[in-house]
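This document starts with one chain, in the form predicted alone, laid out as structure tokens.
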């Protein structure tokens, strides 16, 4: 799989133009997915096929030939060998394309084609559900947005430049209807992916938008190149054990000098360890709290941390030394999940911040279900931890371990995915309620 940049957003947000510029600037292959849906729409119009005639739609999909060709920096769109670059942007297609793109059979066919295009090349794609359906594990996810009126002005200007007859009021009304339709589709609806970076271009120039997104892409490209190093597991040698003890002693000494750390309830870890491996769930107040949990524990505690921390050499070295498990946030990182479950199976303590970010509770961030999922799946207990304090120099901060929580009551066989998710939500709430109580 190549390097994938996925850009979502409503009609008129500028994603098409920006994607084209970024493709040239960063030497990425640009695939206009919107043009592909427009070709299907145009063919349906030509053959007078209604939206509910699925059999006829399938016939079109079986024989349709779509080509996207770059000529002198311009995109030439060919439908069954005919240049339709202008025709697919005209009003008949504009009014129907949103409904056509909601047809399940159409989306499945084109999504399959788009994924095949990404197997062997570095690409940048824009569309309505690129980050959520087509490429949910894209390397970079951008959601471009802008006010409705601003988007209508841009689309009206584009139409004038292409000699497409329409009024601004018509464009505004069409866009309002399309927004409503796109966001409420049963299949392939316009949504903001959990890990997408939102770029609101309402008050930004095109150059500012391009510069901002280009920087995000370049940083992520550097991270991806480092992934073999980030995910590398350092063998457990005698020297590594000695090195870890020295570093742990040194860091603990620094904490004792600059902070008054109070640790209580450690007997609760011993209770949990009687059953084998267990999960520690703590609130995340400061970047220093994870280190404090590790260096003030006699037991080996293996943390789960966001994988892009590994871009920094010193942090990558520490992660390898303390066997930190890197994970891609808001994605189904199966490799990280396997390492987490193995850690528990090996009888060790796995530490997770369910908030997923510092001061997540204060920010009303959505608490992640990962810890609950693994605890239920492995049958291990969860030890809640409350961390409190200002983390100002020479002040006290507290690390308080609570009673282990038995997760076995949430493991029910023979239930559907919806009920399983509800139980994980309930388990997560119980864990976080205990964590919050320990911070008081």
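Positions refer to the first chain, counted from 1. Computed from a prediction, not measured in an experiment: that's the story for all the values here.
Keep in mind that the form predicted together with a small molecule is not shown, yet the notes after this line are about it.
- The candidate stretches are 273-281, 156-164, 346-354, 121-129, and the one lying within 4.5 Å of the small molecule in the model of the complex by heavy atoms is 121-129.
- Contact between residue 34 and the small molecule in the model of the complex is found at the 4.5 Å heavy atom cutoff.
- By the criterion of a heavy atom within 4.5 Å, residue 328 is excluded from the residues contacting the small molecule in the model of the complex.
- Mapping the unseen interface onto this chain, residue 201 falls outside it, with no heavy atom inside 4.5 Å of the small molecule in the model of the complex.
- Residue contact check for residue 89: one or more of its heavy atoms lie within 4.5 Å of the small molecule in the model of the complex.
- In summary, among the residues 191, 107, 320, 269, the only one with a non-hydrogen atom within 4.5 Å of the small molecule in the model of the complex is 107.
- Exactly one listed residue, out of 144, 97, 285, 152, brings a non-hydrogen atom to within 4.5 Å of the small molecule in the model of the complex: 97.
- Three-residue candidate spot 15, 178 and 185; every residue lies within 4.5 angstroms of the small molecule in the model of the complex by at least one non-hydrogen atom.
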